[in-house]
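Just one chain follows, in the form predicted alone, and it is written as structure tokens.
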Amino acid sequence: MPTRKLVTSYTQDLERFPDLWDKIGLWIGFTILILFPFVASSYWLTILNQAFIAVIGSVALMILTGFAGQISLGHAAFLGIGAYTVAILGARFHIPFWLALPIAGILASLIGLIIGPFALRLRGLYLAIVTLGLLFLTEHILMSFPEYTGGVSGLSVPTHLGFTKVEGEGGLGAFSRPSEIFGFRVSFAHKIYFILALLALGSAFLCSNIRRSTLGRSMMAVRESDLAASVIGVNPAVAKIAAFGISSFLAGVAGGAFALQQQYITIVPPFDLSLSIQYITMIVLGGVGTTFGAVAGALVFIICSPMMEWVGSHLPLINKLTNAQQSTLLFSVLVCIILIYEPFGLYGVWLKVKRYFLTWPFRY
């Protein structure tokens, strides 16, 4: 079944936006992205900020699980490492957030590279158990140093724009305060919106490039079979360790972005097993092994969660549960229904829509 126009060269095959309609859709998307924060309420602006963070984290897990086939239940550990790195660097060392974010990614990546060698001998549920152990170990370490992490009470996250000792001193550390630009009042939610949007677009672009690269193809070969990949000249060790390193770096950045957006973080919740399961749900819902699936799954999961809470409050028996439980229960049912009728998730639905318009008015 056709899902794209016929191509006659590798150059055409590698084009991301091959025809006019793709380019029109791209410009419409950018226009909506720029105008949305100025027309949306503060509630939906916050929801979309959280969706951007979820996109970064979902892309990170897609590289590890979707491309390389390494099942991980410790994704929340890398997000937690990134979040507390940004918080501690800002609170105790007065590091600006734009420098703390890459440091958070690098630190999380180092931890990922340490875990990576375990994937050389373990796979499937055995590897999942190892990464689950990393999650509980990270929680324990963060709890063991309350003088740095705040322990159960949590930790405030300052948003320094420059190297300053006091938040707001000289205007350098006052990034979280409202500003006025060309006569318009710009809140912290608006400013962090554009930063998170750039990070989400950058992570999706990176994921797309990795998938089309030699490294990405090596990861997918290892996902299918280590032995077969070795026969065709792929080094499984390099592919797996690289997948852990890149994935944990992006997860650390996502955790740091989450800390900046929330401005106050605790260890549990949100950095627990349920968060790791949520990210697995995102990539499965969107379509495993695709950049589209990582982005679409994260956006749909985060944006639909408040809608599920509204639906749950109007259903008998379910309305007796908490909002989080209502959302989890209804979303679980929705994911099961989608995967029963479309195993490729939202990516499969998108291919069917494309196929319909490409073959219209004919049916195959």
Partner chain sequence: MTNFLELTVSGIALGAIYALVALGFSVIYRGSQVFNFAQGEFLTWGAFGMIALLEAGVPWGLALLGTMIGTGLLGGLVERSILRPLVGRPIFVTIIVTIFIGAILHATAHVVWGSDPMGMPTPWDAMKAFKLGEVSIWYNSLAAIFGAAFALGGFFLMISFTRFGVAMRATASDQETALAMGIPVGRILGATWFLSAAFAALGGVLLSMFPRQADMGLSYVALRAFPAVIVGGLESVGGTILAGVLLGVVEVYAQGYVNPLLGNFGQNFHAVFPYIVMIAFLIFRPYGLFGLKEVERL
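Since the structure is predicted, the reported quantities are computational estimates derived from the model, not experimental observations. Numbering follows the first chain given and starts at 1.
Quick note: we don't show the form predicted together with its partner chain, though the next part is all about it.
Using a 4.5 angstroms limit between non-hydrogen atoms, Ser332 touches its partner chain in the predicted complex.
By the criterion of a heavy atom within 4.5 Å, Arg217 is excluded from the residues contacting its partner chain in the predicted complex. Within this chain, Leu14 is remote from the site of its partner chain in the predicted complex, having no heavy atom within 4.5 Å. In the predicted complex, at least one heavy atom of Phe136 sits within 4.5 Å of its partner chain. Of the stretches 43-51, 292-300, 30-38, 332-340, only 332-340 has residues with a heavy atom within 4.5 Å of its partner chain in the predicted complex. The single contact residue among Leu155, Ile210, Leu73, Ile192, judged by any heavy atom lying within 4.5 Å of its partner chain in the predicted complex, is Leu73. Of the residues Ala91, Leu201, Ile106, Ile141, just one reaches its partner chain in the predicted complex with a heavy atom at 4.5 Å or closer; this is Ile141. Judged against its partner chain in the predicted complex with a 4.5 angstroms heavy atom cut-off, the residues Arg123, Ala228 and Thr328 are in contact without exception. Interface residues of 263-278, taken as those with a heavy atom within 4.5 Å of its partner chain in the predicted complex (partner not displayed): Leu273, Ile277, in sequence order.
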